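Have a look below at one chain only, the form predicted on its own, in structure tokens format.
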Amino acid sequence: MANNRKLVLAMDQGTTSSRSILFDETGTAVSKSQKEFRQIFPKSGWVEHDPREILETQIGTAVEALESAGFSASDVSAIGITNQRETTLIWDRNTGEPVSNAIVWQDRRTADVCARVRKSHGETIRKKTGLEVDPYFSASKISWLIENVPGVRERAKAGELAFGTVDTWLIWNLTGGEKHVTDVSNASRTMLFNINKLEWDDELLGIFGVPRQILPSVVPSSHLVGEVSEPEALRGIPVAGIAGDQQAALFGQRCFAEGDAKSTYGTGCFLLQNTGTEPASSKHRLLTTVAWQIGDRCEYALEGSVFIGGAVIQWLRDSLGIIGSAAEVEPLARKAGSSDGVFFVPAFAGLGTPYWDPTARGLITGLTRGTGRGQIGYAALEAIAFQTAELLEAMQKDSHREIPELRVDGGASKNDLLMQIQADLLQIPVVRSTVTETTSLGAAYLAGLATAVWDSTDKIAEGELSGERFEPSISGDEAAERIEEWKRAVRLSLGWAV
């Protein structure tokens, strides 16, 4: 029987797992597949992924999402790809073999290089890219690979190698090496892309010693890129949407109007606000980034970045062993009832907004003989909410407007206790999307716009996304006092690093 539904496949390649979700024209998830992959820690502060595992898990979940729902490639209108953004890969153009493991966005190995560049070129880079000079972004990671992997410098200059963030790596392989592209949102996270001119910048390339010939072409976020040639199960599906994960989530939350904001609670936490068609500079160390481009219209966002959000719960599970699964932290913390004076600063990868200190280190303070697993679990949830509260404070100062409610999504947003703590600290309602995987949904929307599944953002906005609301349950004075206590703990973390 013929399929009359319009289907879009979202490939959502994240920091700890690859997932694929098949959406229909109503934005409803038809099927989903997800698979975790290895996190590789060669040295303290180093974080890597195996590029082949990224590719295999992503393709595997895409095929499984189709097959489990009983569909084939011919039933799918388009593929939208979203990805962990700054993670850096370089590979051989002829063989497709990576020159090394991917260097993950959380990796801190280039902290010293960034410190030197910040002193000499920090303001120039900020004006051109909207970014703080930090190991977080791709430029210093590319530079490290060129300097430290034997033969890469010579091969890069000879045009034998290709650089890409994860979206570029996936598209290269899906199209059999035919397409070496990225979109404007991912390009804007490399620290090599001039967001005012929407092009690679020769001065920035010179600062980091990156040869232009390894860079991908830059395309709009909603754009017919090419068709899948491999694997056979996906062959012929157009790749038509590309966006970095946080920009995709902003789009998936339908933050189409200037001033709309969302926060995604994933491995990290990222608060973005649509600022319209002009880049807005920040006085409070937020990032200015490209949100997306559709046709000739490019829109921008302010972004606050927390490096360790939901990952702190993984740390409780994998490193401390005080929980067996992420789902256990909520009942454990609820039973404790509070952190009982414990503060947890999870600066495992330094601190992002508003501190931008890659040398900061994590700490837990306020421990007593009465401190147990529950108090530490509660403090971990509070740490996620405290960091997001600092982002919102900076964003409201920069945008000169109050954010009346915060739209939230991502895996950790399913935790009711965390969402209540967040509403209490922000003193505004927190509204959880009915679709927690709005990153995937945003990628699907962008691909569907390019292939006439949806004819406009107005059509997309017709459906209802707002789910449960969490209202503040403590006073503003109490919230302010708690945030000040948190900031004291952060200062201790920063001082410890000195």
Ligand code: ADP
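As the structure is a prediction and not an experimental result, all values here were calculated from the model. Throughout, we count residues from 1 along the sequence that is shown.
Keep in mind that the form predicted together with this ligand is not shown, yet the notes after this line are about it.
Proximity of residue 412 to this ligand in the model of the complex falls within the 4.5 Å heavy atom cutoff. Taking non-hydrogen atoms only, residue 292 never approaches this ligand to within 4.5 angstroms in the model of the complex. A residue is said to contact a partner when one of its heavy atoms sits within 4.5 Å of a partner heavy atom; residue 310 meets this definition for this ligand in the model of the complex. Contact annotation for residue 326: at least one heavy atom lies within 4.5 Å of this ligand in the model of the complex. Screening 124, 100, 314, 365 for any heavy atom within 4.5 Å of this ligand in the model of the complex leaves a single hit, 314.
265 is the sole member of 378, 344, 265, 137 with a non-hydrogen atom lying within 4.5 angstroms of this ligand in the model of the complex. The stretch that touches this ligand in the model of the complex, counting heavy atoms within 4.5 Å, is 266-274, out of 293-301, 232-240, 142-150, 266-274.
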